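One chain comes next, on its own, written as structure tokens: the form predicted on its own.
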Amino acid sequence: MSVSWEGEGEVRVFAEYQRDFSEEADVAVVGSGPAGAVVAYELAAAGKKVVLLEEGPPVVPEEFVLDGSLSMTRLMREAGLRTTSGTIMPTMQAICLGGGSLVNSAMCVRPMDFVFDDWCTNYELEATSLADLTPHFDAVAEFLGIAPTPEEVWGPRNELFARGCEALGYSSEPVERNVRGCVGSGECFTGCRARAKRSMDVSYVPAAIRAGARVLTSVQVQRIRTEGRRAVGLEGQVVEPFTGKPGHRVRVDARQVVLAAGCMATPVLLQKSGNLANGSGQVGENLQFHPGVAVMGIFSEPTHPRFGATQGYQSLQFLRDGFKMEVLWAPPGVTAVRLPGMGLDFKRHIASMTHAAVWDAIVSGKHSKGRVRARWRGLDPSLSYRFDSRDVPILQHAALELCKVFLAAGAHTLVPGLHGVAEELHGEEDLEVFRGEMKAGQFPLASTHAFCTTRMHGDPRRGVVDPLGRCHDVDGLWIVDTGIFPRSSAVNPMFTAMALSHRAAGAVAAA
């Protein structure tokens, strides 16, 4: 029997909370990022009474700032300074309505069939082949208007990448993205002021509200409530935007609970709820990333790097070898972190950016793993990670291929930004450095793609959820964020998370 309430859906913000309060719903969804927004909309459209909870505030274009450091401070957890221990690697997760979709590059890439074949075979998953998931990918693509980046907004950065790949005979293509009317501002990282990016806060979340969902922003979920082996709701409190100052208490009673808080926040919430859903011992384990390597190339002609789709072109040529190449752009202050030199040398590299492009490669990193643990106080995770030496040759190969593409595109100077490698490379003969043995410590790693901490597995003893995201140990509890990936998706994970969430919504609605 469904909960009933009067009127349309709504979104509530921090200023509207005047006292402790409670809600009742058929389904409570935690997290408004890509996975949470999709499942919230699909369930609301199916007639379920949905409460969607988001710890961050809504952010409007007038609040977007081009200063990268200020933007990270406002929109990222731990002010954008979150990092792992062990192998030190920065990683960023958003805290705002729409989650990571507000600050990512809108890349919607479907994994190749070999990824899902691997998942099904090694993790005993049923009905999780590419053919099984294609209807769900298609449904999300139609809703968001996902399409290849149009040529008029490629800009020189993307055009040069395409030129280099073509010269080498490498496959490449415009990236499919969830945008409409992109103007090529290159502002994806700090928020699209043109509102062309179809982030969740302007797509799925409003659609969920129109279908009747209630959206509670600035509410931090702190505990999952259970009775016996069944999830029955959530507890948390209002938190002030940007400061996290605690406020009124919040309680939601629900027949089903869906966790989409992200692969770092979800395991912490389970651990803080009495080590919930952890009969397999896999909650917080198996943390994987897509470690990235980036190279800057300098050309004789101006590249006007601020114009063009942030990440509008890619190459899947080496996907089966463990990496994907793509165009990259971020605010100069963020990009400059990777530049070498001090004083005048550093200024020279900064000045060269008007004639430069930055391209990166993301590495599957299947051998490298870490873990997520709850801290004694608060909900920020303690992250540990070890970059496995077996993944080093893949990074090395990726760096080499990026340099080759730059040279083929006409770059006269390469700035690899790697320890133990010359600050500048100038020709094919200089690339020999990538053909010898290299160490993990030479690569300044970073990654915003993270997964596997509540992995799906057909065997309840070896995974946290089944292929539909249903927790093995707790009835009425579901997980749909990237934590349920059993292994790396090999490509940008957002589209896969949304497709899996779309599929899970049908199962939650029928439960």
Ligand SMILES: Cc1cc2nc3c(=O)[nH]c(=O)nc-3n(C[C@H](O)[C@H](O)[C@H](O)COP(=O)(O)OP(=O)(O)OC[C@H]3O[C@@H](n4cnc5c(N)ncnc54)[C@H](O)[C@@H]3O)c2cc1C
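So that there is no doubt, residue numbering starts at 1 and follows the sequence shown. Keep in mind it's a predicted model, so treat the numbers as computed, not measured.
Heads up, the form predicted in complex with this ligand isn't pictured, but that's what we're talking about next.
Candidate stretches 332 to 340, 97 to 105, 401 to 409, 313 to 321, one within 4.5 Å of this ligand in the predicted bound form by heavy atom:
Single hit among the candidates: 97 to 105.
Quick check on Val221: any heavy atom within 4.5 Å of this ligand in the predicted bound form?
Flag for Val221 set to yes.
If you check in the predicted bound form, is Thr453 within 4.5 Å of this ligand, heavy atoms only?
Looking in the predicted bound form, residue contacts with this ligand do not include Thr453, since no heavy atom lies within 4.5 Å.
Report whether the minimum heavy atom distance between Glu55 and this ligand in the predicted bound form is within 4.5 Å.
Answer yes; at least one heavy atom of Glu55 falls within 4.5 Å of this ligand in the predicted bound form.
Pro267: touches this ligand in the predicted bound form, heavy atom cutoff 4.5 angstroms
Judged by the heavy-atom cut-off of 4.5 Å, Pro267 is well away from this ligand in the predicted bound form.
Selected contact from His355, His349, Arg110, Arg77, since only one has a non-hydrogen atom within 4.5 angstroms of this ligand in the predicted bound form:
Selected residue: Arg77.
Could you spot which one of Met92, Ala162, Val421, Ile209 gets a heavy atom to within 4.5 Å of this ligand in the predicted bound form?
Contact residue from the list: Met92.
Those residues of 371 to 387 which, in the predicted bound form, come within 4.5 Å of this ligand by heavy atom
Going through 371 to 387 in order - heavy atoms within 4.5 Å of this ligand in the predicted bound form - there is one hit, Leu379.
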